[in-house]
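Listed next as structure tokens is one chain, alone, in the form predicted on its own.
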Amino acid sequence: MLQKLTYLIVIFIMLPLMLATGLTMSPAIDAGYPFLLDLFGGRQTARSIHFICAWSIVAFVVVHIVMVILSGLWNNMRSMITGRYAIYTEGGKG
């Protein structure tokens, strides 16, 4: 449940927010859509939100990589490529 919630937050909140704040920081976009500056409270606030979102997404990716390594790198890589996930039992290979 927590994993699904995290994916939803990253996909539907963080990425669109990064896109909107990135556009807000662009002077060319500000000329056409000046309401973006008002929406985010100015260029500096948009920059801060953009920075926080960017580092949150970096942390999200790093946590994913660490979890793949800790749960069995080769088995996870094989399952990503071939679709087969080996489950090992106490008596040996499963």
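Everything numeric in this text was worked out from a predicted model, so none of it was measured. Position 1 is the first residue in the sequence shown; the rest follow in order.
There is another form of the same protein, the form predicted in complex with a small molecule; it is not shown, and what comes next is about it.
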For this session: Mark S26 yes when one of its heavy atoms lies within 4.5 Å of a heavy atom of the small molecule in the predicted complex, and no otherwise.
Result: yes
Exercise. So in the predicted complex, does V10 come within 4.5 Å of the small molecule, heavy atom to heavy atom?
Worked result: no
Problem set entry | Contact of L73 with the small molecule in the predicted complex (heavy atom, 4.5 Å) | no
Exercise. How about V68: is it within 4.5 Å of the small molecule in the predicted complex, going by heavy atoms?
Worked result: no
